[in-house]
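A single chain comes next, written as structure tokens; it is the form predicted alone.
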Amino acid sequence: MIQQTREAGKRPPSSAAAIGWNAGQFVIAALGLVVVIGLMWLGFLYLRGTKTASIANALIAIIWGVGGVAALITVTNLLIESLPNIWRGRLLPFLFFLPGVGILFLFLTIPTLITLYQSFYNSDSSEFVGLQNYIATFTDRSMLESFRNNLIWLFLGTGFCVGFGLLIAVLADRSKFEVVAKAIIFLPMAISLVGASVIWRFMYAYAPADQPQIGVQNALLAAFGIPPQSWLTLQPWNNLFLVVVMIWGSTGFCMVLFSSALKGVPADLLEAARVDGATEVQAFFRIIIPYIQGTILTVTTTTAIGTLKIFDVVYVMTGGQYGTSVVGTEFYRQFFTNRNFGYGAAIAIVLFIAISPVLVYNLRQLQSQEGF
């Protein structure tokens, strides 16, 4: 009898509770899921039918959007938690990464595919034209000018941002006023490049020589008796004046990342190099640079991506006129101003292809550094 009791105790339980199945929670969660989906659909219909904007509609939209998504995830989680253990372990990870992947697919992948489709059609997407839009992209004079300007932004903008950021990070790291110096350099990052462009438009403002100069640059020239210059129309140097805006606004970003990397360089390694007779310049190029090489590559590629898709600075300051047009402004002009959807889509795809290799390289660098 005792032996039979022990064998019965060793038998694996076969009840629903033993395998993690909770029928009551499953039914409640399933009903809750139906209710939440129904309420979200009704909210969508209501918001789509509203013709005027009001505070009440704004509150409903916030509750419908944020609260609806939170409720949807909550009841879905309860539904998965009520399933057997084997299914719970398989489905639960999808609950947390599928919404993000779905949003990326909805707002990035699908628009990219639609843009690619449009690039093979004419201006109103009514006639298939093959590769004509892409041929025009690489033969049109304005586009060739845009490619030239993008190269200026790529090499000068990236080079000076990274170079100044690294130099300031090294100098500030050895200064007693490190915090103050870094705060001053990083301050332009507190505003967007659009705001920085507005500020620098006043810096470059031009007025005839017989009128008061409100631009800082021309006011300095006038103080020394030099005629004022129309900086933003002075071709081809106006492209360099626009690049200065990005350098001013983005150097702080590079400086912060380089400063963080410099903190990771072992102090005893630098001290040993100095004891062996190495100068500060030798220690910088032979120890510091190799040690933070991964950070330098990551910052450089990230800044390069920003220069390749630059738009806001050029659009705010010159609108792409006076020989300053870049690929981003040319796309905007063709797609939204000229309503040439096929040509504009082709420009967007070319820009996407140009950025992709740099982006892939950047992701591989982050992966090699276990950044994600």
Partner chain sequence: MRSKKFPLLFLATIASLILAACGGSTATVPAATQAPAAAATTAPEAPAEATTAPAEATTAPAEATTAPASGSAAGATDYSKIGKELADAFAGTYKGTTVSLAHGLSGDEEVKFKATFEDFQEKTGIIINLVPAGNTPEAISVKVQSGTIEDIVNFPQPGLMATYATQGKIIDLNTVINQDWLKQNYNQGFIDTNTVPGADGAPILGGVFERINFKSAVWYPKKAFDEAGYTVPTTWEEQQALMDNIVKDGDTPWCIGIESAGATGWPATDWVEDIMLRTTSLENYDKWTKGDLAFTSPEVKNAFKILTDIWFNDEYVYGGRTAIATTNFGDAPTPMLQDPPKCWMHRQGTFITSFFERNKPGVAAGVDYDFYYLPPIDPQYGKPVLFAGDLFSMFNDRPEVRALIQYFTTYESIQPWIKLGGGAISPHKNAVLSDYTTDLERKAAQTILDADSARFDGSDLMAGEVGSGTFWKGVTDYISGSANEDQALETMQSGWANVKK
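Remember, it's a predicted structure, so these values are computed and weren't measured experimentally. Positions refer to the first chain, counted from 1. For clarity, a rigid core is taken as the largest C-alpha set superposing within 1.5 Å between two forms.
The same protein also has a form predicted together with its partner chain, omitted here; what follows describes it.
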property: Its partner chain in the model of the complex: contacted by all of 148, 155 and 240, heavy atom 4.5 Å; result: no
property: Partner proximity in the model of the complex: residue 119 to its partner chain, non-hydrogen atom cutoff 4.5 Å; result: no
property: 4.5 Å heavy atom contact, residue 208 and its partner chain in the model of the complex; result: yes
property: Proximity of residue 38 to its partner chain in the model of the complex, heavy atoms at 4.5 Å; result: no
property: Residue 137 within 4.5 Å of its partner chain in the model of the complex, heavy atoms; result: no
property: Any residue of 327 to 346 that, in the model of the complex, places a heavy atom within 4.5 Å of its partner chain; result: 332, 333, 336, 337, 338, 339, 341
property: Post core alignment: residue 299 C-alpha displaced by 2 Å or more between the shown form and the other one; result: no
property: Core-aligned C-alpha movement of residue 246 between the shown form and the other one, 2 Å or more; result: no
property: Residue 309 C-alpha relocation of at least 2 Å between the shown form and the other one, rigid core basis; result: no
